[in-house]
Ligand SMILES: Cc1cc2nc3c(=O)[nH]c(=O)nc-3n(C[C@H](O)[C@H](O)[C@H](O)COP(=O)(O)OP(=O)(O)OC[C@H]3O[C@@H](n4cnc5c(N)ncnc54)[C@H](O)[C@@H]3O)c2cc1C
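One chain follows as structure tokens, the form predicted on its own.
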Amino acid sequence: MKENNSPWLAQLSRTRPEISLREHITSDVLIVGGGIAGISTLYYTLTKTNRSVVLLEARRIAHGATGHNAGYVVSEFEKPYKEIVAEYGKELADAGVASIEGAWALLDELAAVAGTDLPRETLVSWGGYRHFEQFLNKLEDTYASLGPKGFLDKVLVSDESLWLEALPEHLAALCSTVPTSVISRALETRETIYHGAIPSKTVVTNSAMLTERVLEHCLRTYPKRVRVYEHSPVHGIELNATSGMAYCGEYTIVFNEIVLATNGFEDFYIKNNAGEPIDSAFHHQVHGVVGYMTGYLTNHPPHSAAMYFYRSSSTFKDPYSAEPYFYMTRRDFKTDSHQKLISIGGPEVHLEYREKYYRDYDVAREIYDSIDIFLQAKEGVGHWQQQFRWHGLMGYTESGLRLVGREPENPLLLYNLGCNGIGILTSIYGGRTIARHLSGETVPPSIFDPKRRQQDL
């Protein structure tokens, strides 16, 4: 089996020709990166401004992290809400939460553009917790950021534990006590180690197909304003006071503004001729985390589902941990045969600083062994047929938040950058926000603003 065989790319059907840059060109806006972030930025720039846009992708559209993710969408941050409040203040923290919650409507908009046959389902997912402190922290974080509306159903607490008595009154009111077996059934596991289960909203979709479909819409609708080039990596950017140049092989792109819509692992230099150097800025301090996933096809059980399994005792997910948590989603895959795709992930490996990531390198045996061990407790696993193994690179910023906005040292450079493990909604929000900047709108400060140094916050 191929070591990086993504089900999302297996579903992708492309008829669009792949065109590489073969001439010197000019454009109002240059977007670097053709994943969900770049295409969202492209779509909103075209629909909300009258600017001409060139988009460059180093490889193929949607074939990076967008085509090698877990295929589920949640409106969460890796960074705890209380830490965001401590760094930015409650007003900006609440505005940031509201921005990402509002991105559900943006996802709906893009999905409508992509067509009714886009694989997409909205589910109530269950997160299973083994350790009380982790469970309590998640409850407190969700309640503080969203209030009671952040819980789509009653939180389940085992009546065989003492957890309910240990909860503050306002959190206990959100809970129902049930036998441990009920929690195990909700999580579809034979294990009885989980004493709490928290419900939340999850959308499962194919972000690679969404990205490709939205791009096709842009090319059809705005043929005179957009040009897209694949297999066209940028190797250098120069910024002046009113314009800039990007270098792609022997060709030059002259632009008025440029957007980096990447995961933060650029293989190019940035020379700022109108301010302080940018090469040492935060986007060169992004750390890489590789997430690993497996996919199985089955006809049983027939319903879709999403579950998360917090087995370790760490309070919050550590992006440098090999086993932060496991997640499992089950969704329609081949509707003509009623097949379901079960996607399972969790193991992650931290890349050393700026270490090169290769999509097709050999994967250590213990990576997928850990998933196999996890599967031993799952119900119905004997009916599953493994078809896919894949992995993708996530960029973790120093702030723990996506970076969206203008570069402080030269406003011609904008960012919709970083994944931090939860990237689809924030990428789409970032695309809409970049379009606001490009339209000349005054965009208020946010927790996503690029900052050069931590002391600037």
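In this text, residue numbers run from 1 along the sequence as written. Not measured: the values here are computed from a predicted model.
One more form of this protein should be noted, the form predicted in complex with this ligand, which is absent from this view; the next part is about it.
This ligand is not drawn, but in the predicted bound form it has no heavy atom within 4.5 Å of F77. Although the partner is absent here, N410 is not a contact residue: none of its heavy atoms lies within 4.5 angstroms of this ligand in the predicted bound form.
Not displayed here, this ligand is approached by N263 to within 4.5 Å at the level of heavy atoms in the predicted bound form.
Contact annotation for P233: at least one heavy atom lies within 4.5 Å of this ligand in the predicted bound form. For the candidate set L110, M293, A103, V155, a heavy atom within 4.5 Å of this ligand in the predicted bound form is found for exactly one residue, namely M293.
Here the chain stands by itself, but in the predicted bound form one stretch of 377 to 385, 192 to 200, 179 to 187, 225 to 233, 225 to 233, has heavy atoms within 4.5 Å of this ligand. Applying a 4.5 Å heavy atom cutoff to this ligand in the predicted bound form picks out V32, G33, G34, G35, I36, A37, G38 from 21 to 38, in order along the sequence.
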